[in-house]
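Listed next as structure tokens is one chain, alone, in the form predicted alone.
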């Protein structure tokens, strides 16, 4: 049990052992000399509501939320930001002093901040974007791309119906392509994003043909294990500008840390090194 006055935060998911968020927030807590703790918590779906009700009573000021709870917490939270409602998922919860749970989604912020840090000259309106995937991460990426003025967003998902649902929700700026012809989305695309788990350690490879990839394209993979995915290797060979997935993880964590612990943390090389230190 924590001593009074020491704020607690953490990440809840099922599974949770893979999460690098404890490394990230632990690094920031040490860097700023903050007397706080950040812990991983394995929480089954059936226990989610009960756990969230108990955590503030145990001294928690908030938590990050990962798979499979990102959608379910919207039904439990007392306050949901417009951004989280639009994306349809939350990854950051703040436990207010009045007992209410505030839900937000910082994935889109993390995605954009990562690109802006790694590629300062990125100009989103320069041309269409091609986004692979239609899950929660893809939703956050699509909303972010729309906000910064990408003129057309081409999407493909292994289950086409999920991509069609996104088009119905977000409008005609989205153009759906069949997964078996997803390589065609790359023709003239200025920004390319893999928002699936393909290429991650333990998952199938990303096998979309990349022949149409322009050397002028910016290619981003949200997968960060491995840091240099097969997609990024191929994009590098084609002369593209690369953005790895680690930056999104780091930047999405910063707003929550600030709300919980009162300091806006820096996302720098020391932060990257701390998160990459573990096997």
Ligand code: NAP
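Computed from a predicted model, the values in this text were never measured in an experiment. Numbering follows the first chain given and starts at 1.
There is another form of this protein, the form predicted together with the ligand, and it is not shown here; the text below is about that form.
- Residues of just one listed stretch (152 to 160, 92 to 100, 117 to 125, 78 to 86) have heavy atoms within 4.5 Å of the ligand in the predicted bound form: 152 to 160.
- Of the candidates 176, 190, 198, 184, 198 is the one whose heavy atoms come within 4.5 Å of the ligand in the predicted bound form; the others do not.
- Only one of 231, 52, 65, 249 lies close to the ligand in the predicted bound form, with a heavy atom inside 4.5 Å, and it is 249.
- Taking the partner from elsewhere, residue 144 is found to have every heavy atom lying beyond 4.5 Å of the ligand in the predicted bound form.
- None of the heavy atoms of residue 209 is located within 4.5 Å of the ligand in the predicted bound form.
- Contact annotation for residue 213: none of its heavy atoms lies within 4.5 Å of the ligand in the predicted bound form.
- Shown alone here, residue 171 lies farther than 4.5 Å from the ligand in the predicted bound form, counting heavy atoms only.
- Applying a 4.5 Å heavy atom cutoff to the ligand in the predicted bound form picks out 107 as the lone residue from 98 to 121.
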